[in-house]
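Given next, in structure tokens, is a single chain: the form predicted alone.
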Amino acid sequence: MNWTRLSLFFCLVGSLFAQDKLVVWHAYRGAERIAFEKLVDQYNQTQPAITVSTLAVPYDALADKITAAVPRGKGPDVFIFAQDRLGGWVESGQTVEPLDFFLEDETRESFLPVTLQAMTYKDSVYGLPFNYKMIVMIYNKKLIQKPPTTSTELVTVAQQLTKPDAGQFGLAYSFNDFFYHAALMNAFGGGVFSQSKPSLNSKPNIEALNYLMKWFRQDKILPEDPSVALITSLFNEGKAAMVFSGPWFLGEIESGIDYGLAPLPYIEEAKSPMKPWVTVEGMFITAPSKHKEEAYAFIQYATSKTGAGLMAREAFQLPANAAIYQEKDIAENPTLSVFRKQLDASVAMPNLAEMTMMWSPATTAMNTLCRGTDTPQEAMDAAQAKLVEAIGKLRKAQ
């Protein structure tokens, strides 16, 4: 027997059956994890070239893990995360791969525009949008038959249903959290950055905060301590008629509560609807990946009508793929359809590298404002100074 030929034969056979692996990191749990793993299994069955495997990482640890591991070539080929860290990852280098080389017009046009905008940094696309999240109005149908559509209606209805002595409020939401407050800020034409420069103390931002304080102190339709636990408890006890929150809140609603969803109201004083920040989860290819073409083929499948439909129907995700909303069961879904409508009145959360430095001073400002320690102007002047200082230190360190 010619052992050399036999050895060569087994090597060739082995190479034919050997499959490269494409590793994907995500932070899904529960129904989302089950649905995503089903999506991956379906994709693996469509092609023999590469096997996609997944690793679930706790959400609180995922961003730091990506930042630490990927530039050293120790991370996955693909990861799923929201766009707010994108600018930092691009600027630090060796983390995310630009997709302009792969991206065809047909794929580009398949997404809802604001979701692709969220994946764009300095005119380059770095990820394919997978799903999105933002806040809407969630109301108790036992207390409200027709949800208010304007700020005047909102205040009128909320005041009728507010009884502070009984711990009952017409409206409850985390208004001291800047993420939630952004819906009012954007309605007044404000923002945290203007032409990439901090603008926390801009005139529109101050107007938005003065208006929020009217709801809180003058109209008295909001609870004093709007913690997540309190808001959830109030809604489940029938003591909060309306809540501004996102899809994450729906899982906290007790089964006996008959609730409905509606877009956020039109703010007559701002001549604009409330425009919440939309966070978009993208599928990103890592810069060190040795399987970029295969990775792109996978994320293109996952974000297609096929992948989007699976995640929408089995995990109630809000797909970035536009075509899925033409499907009858999706278009008529009372939850998905409202979030889709709200998307048209929303603003992509900034993905600038400096965004991570905004949260701490903005949070401090909201807390001092709600405690009555500072006026809106004083609170935001202090936040602006802290943000400018933090950005200056970062640039000096670079």
Partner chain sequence: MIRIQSLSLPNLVGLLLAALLALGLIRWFGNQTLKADQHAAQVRRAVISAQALAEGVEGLLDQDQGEHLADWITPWLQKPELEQVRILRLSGAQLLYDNRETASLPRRLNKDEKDFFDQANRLKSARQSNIDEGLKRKDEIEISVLPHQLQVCAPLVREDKVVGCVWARLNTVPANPWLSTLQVVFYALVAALLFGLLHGLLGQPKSAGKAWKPFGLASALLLVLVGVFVVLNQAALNSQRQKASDSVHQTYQSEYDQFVQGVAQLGLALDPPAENRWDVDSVLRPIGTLDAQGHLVSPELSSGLSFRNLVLCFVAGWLILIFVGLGYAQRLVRTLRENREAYLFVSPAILAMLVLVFFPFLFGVLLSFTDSTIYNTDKAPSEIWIGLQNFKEILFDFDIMTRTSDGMVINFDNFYWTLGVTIAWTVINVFFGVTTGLILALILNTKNFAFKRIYRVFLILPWAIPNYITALIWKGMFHRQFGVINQVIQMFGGEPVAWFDGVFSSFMTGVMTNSWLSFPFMMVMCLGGLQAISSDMYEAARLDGASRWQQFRFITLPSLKIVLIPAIIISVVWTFNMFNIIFLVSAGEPGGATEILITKAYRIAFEQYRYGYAAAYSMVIFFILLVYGYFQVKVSKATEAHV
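Residue numbers count along the first chain shown, from 1. From a predicted model like this one, the values you see are computed outputs, not experimental measurements.
Just so it is clear, the following notes concern the form predicted together with its partner chain, a form of the same protein that is not shown.
Listed stretches are 183-191, 221-229, 155-163, 270-278; the contact stretch with its partner chain in the predicted complex is 221-229, by a heavy atom cutoff of 4.5 Å. Checking Q42, S53, N333, T364 for any heavy atom within 4.5 Å of its partner chain in the predicted complex turns up a single hit: T364. For the options P263, P148, G75, G88, the residue carrying a heavy atom within 4.5 angstroms of its partner chain in the predicted complex is G88. Of the heavy atoms in W248, none are within 4.5 Å of its partner chain in the predicted complex.
Its partner chain is not shown here, but in the predicted complex it comes within 4.5 Å of a heavy atom of A353. Residue contact check for R29: none of its heavy atoms lie within 4.5 Å of its partner chain in the predicted complex. Proximity of E109 to its partner chain in the predicted complex falls outside the 4.5 Å heavy atom cutoff. If you check its partner chain in the predicted complex, you find no heavy atom from any of F81, R217 and S304 within 4.5 Å. Of all the residues from 95-110, those having a non-hydrogen atom no more than 4.5 Å from its partner chain in the predicted complex are E97, P98, D100, F101, F102.
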